[in-house]
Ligand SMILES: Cc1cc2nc3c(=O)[nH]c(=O)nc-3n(C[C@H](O)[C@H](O)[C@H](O)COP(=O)(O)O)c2cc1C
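Form predicted on its own, single chain, as structure tokens, below.
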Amino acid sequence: MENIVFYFSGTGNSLKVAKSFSKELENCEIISMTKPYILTKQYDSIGFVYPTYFWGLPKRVIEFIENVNLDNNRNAYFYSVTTYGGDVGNAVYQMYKLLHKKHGIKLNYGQKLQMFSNYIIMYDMSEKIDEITKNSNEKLVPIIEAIKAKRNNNINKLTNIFGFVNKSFIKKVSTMDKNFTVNDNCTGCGICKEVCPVKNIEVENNEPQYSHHCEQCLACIQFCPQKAINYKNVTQNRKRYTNPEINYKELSKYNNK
């Protein structure tokens, strides 16, 4: 039978993980969670890979899970992996709870994977990209083996404060793009538009314009070759990061499949 893995990714970390699963699982499709998807086939396994945003799920991932129709795949093996930088919070349990509440489906296996922490708005980033990437790649190996073997694990709820923080973030995230700024370095190249997973950017008069359905993935900031896009006045002098294995053309290609 066929397999499918859904992902959401801004800087490429979660797409890298989804691609790793696709290489190891037979006949495995990779589909972005950026738009609705209709499952017309029955799958042996269905996976979800996504980043942790403010100790929980990104808004677009919540919307995707709420609206996807899984009725014909109730016997599939369901798994999820959340990538995170600092603290995973409730991002595993939240997926478990959402699948059960909306679809009556049990998440067989849920796991976390620490990757390079890159929420540039809150901090400058580490210079140890190679070391951290190597460690995350090593930790990914047993996760892949567990999924291939269709193992189950227990998924425990964490403290309520994580859920409160995530809900507060979800309420305001769409309009947080009002705080993005564009300086004179902008060349109007359109890379920000290409990499935005939710089509929140249009380029007008050679400058990006935001449409207020932002996810705060920060792909626009991280992929900008001129460092022209920033958040308020806090990111101008901070480093940039995108996954070393994912370039902007590949991210755009998968996001627009």
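Residue numbers run from 1 along the displayed sequence. Note that the coordinates shown come from a computational prediction; the quantities given were computed from them, not determined experimentally.
Keep in mind that the form predicted in complex with the ligand is not shown, yet the notes after this line are about it.
Handout entry: Option touching the ligand, based on a heavy atom within 4.5 Å in the predicted complex, out of 231, 43, 55, 37
Key = If I apply the 4.5 Å criterion carefully, the residue I get is 55.
Practice task
Find out whether any non-hydrogen atom of residue 32 is located within 4.5 angstroms of the ligand in the predicted complex, and reply yes or no.
Solution key: Although the ligand is absent here, residue 32 would stay clear of it in the predicted complex, with no heavy atoms inside 4.5 Å.
Handout entry: is_contact(residue 78, the ligand) in the predicted complex, heavy atom dist at most 4.5 Å
Key = No.
Exercise for the section: Report yes if any heavy atom of residue 115 sits within 4.5 Å of a heavy atom of the ligand in the predicted complex; otherwise report no. Expected result: Residue 115 belongs to the contact set for the ligand.
Practice task
Mark residue 83 yes when one of its heavy atoms lies within 4.5 Å of a heavy atom of the ligand in the predicted complex, and no otherwise.
Solution key: Residue-level check for residue 83: yes, a contact with the ligand.
Practice task
Mind telling me which stretch in 129-137, 68-76, 116-124, 93-101 gets its heavy atoms within 4.5 Å of the ligand in the predicted complex?
Solution key: Within 4.5 Å of the partner lies stretch 116-124.
Exercise for the section: Residue by residue through 213-240, tell me which have a non-hydrogen atom within 4.5 angstroms of the ligand in the predicted complex. Expected result: Contacting residues: 216, 217, 218.
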